[in-house]
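One chain comes next, on its own, written out as C-alpha cells in the form predicted alone.
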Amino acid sequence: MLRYLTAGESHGETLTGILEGFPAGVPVTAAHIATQLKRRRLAPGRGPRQAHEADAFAVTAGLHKGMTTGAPIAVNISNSRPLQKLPFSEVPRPGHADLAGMIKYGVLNSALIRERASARETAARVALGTFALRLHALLGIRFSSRVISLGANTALTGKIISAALAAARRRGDTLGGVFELRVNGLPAGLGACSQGAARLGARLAAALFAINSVKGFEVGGGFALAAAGGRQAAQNPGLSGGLDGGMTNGAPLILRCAVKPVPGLRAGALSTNLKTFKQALVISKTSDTTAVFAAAVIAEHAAALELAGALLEKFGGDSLDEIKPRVAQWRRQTGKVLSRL
C-alpha cells in the first residue's frame, strides 16, 4: 500500500515528507524534484515570501545513486527564514483555519494554527509527488494542468492574467479560480466499484480537496451533467471524464477544482479579538494574490500519488522491472476491447 505523511510548520526549520510502499528501481534525480518545487514556488500570483524561499531539500532515505530502493523515502525541505518566536495574535483571520483551530485546540494564538494549516506544507507533497510522477512517466502516463478561470475571467491569456493580478494587488484583494487536470495513458480498470471508499473518484476527490483553498471538485462533465439528458450523456462518453463506476475506463482522466480567493488580504478583513471580543482588522502583507496556479501544480502531484497507489494495487510488484511488463500486458489485453468501441 502506498501512503505518505508530512510534518513541519510554515516557519519552522524544515518540512518533512515520508513516502512508504514506493517500488524500487525508479530513477529520480535531485533535478526532477527541484524542477517540480520550482513550478509550485514560481506559479503566477505568488506572494513576497517566494522571493526568498529557495526550497533547498535533501532526500535522506529511500534513494541510492539516483534510484529508489523500495525503502521508505524521506525528503526534508528547509525553510529559508525560520522564526525563533512566533507572533502572537488573538484575532483569527477570516476564511483561514484560525477560528476553527483555535476553538478545537483551545489556544488563543492564531499563529499556532496557521503554522500547520499554511499552504507551505504542500511543498512536501510536491516533493513526494515527484516520485509518483516519475513512475507514471516511465509507464507512459502523462499529467498536465491548466487554469481555466481566474476570478471572473475565463478567456485567459498571459496579458489578461497579468492585468487581473495587478488590479487585485492594487485593491489589496485576492482572486480565486478554477483549474483543470488531465491525465493521459492511464490503464483501464484502476479503482473498484465494490465499496464506496474504493471508488477512484472518491479517492481523487479526497486528495484534491486536501489542497488548501479547494472548495469544489468535478470529474469530466461534472455539474454540467445535471442539466443534460440521459440520452445526451450516453451518446457522449467523454463526459464521464475517464471514470465510470469508480474505475478508469481507458479514456483521458479529466478533473477540475474550484479554488477560493486567498483569505489573507492586504486591504484587511474585519474579524473579532477572541480575548476582548472587540472588532479588529486583520492585514496580511505576505499572502499570495491567487492560489489557483500553484494549486494546479500541487494537484498534479496529489493525484499522481493517489493514482500510483491505485496502479500498485492493480498490478503489484516491488520494482519497476516487475510492474512495467504487467502494465504492458494489461494494455495489450484491454486494448483488443477498447480499440473496437
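Predicted model only: the values in this text are computed from it and were never measured. Heads up: residue numbers just count along the shown sequence, starting at 1.
As for the form predicted together with a small molecule, it is not shown, yet the points below apply to it.
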Work out which of the listed stretches, 119-127, 186-194, 249-257, 236-244, brings a heavy atom within 4.5 angstroms of the small molecule in the predicted complex.
119-127
Give me the residue from Q50, T272, T29, T69 that has a heavy atom within 4.5 Å of the small molecule in the predicted complex.
Q50
Even though the partner isn't displayed, in the predicted complex is E300 close enough to the small molecule, meaning a heavy atom within 4.5 Å?
no
Against the small molecule in the predicted complex, would T276 count as a contact residue? Criterion: heavy atoms within 4.5 Å.
no
Taking 4.5 angstroms as the cut-off for heavy atoms, does H96 touch the small molecule in the predicted complex?
yes
Is the gap between R46 and the small molecule in the predicted complex 4.5 Å or less for some heavy atom pair?
yes
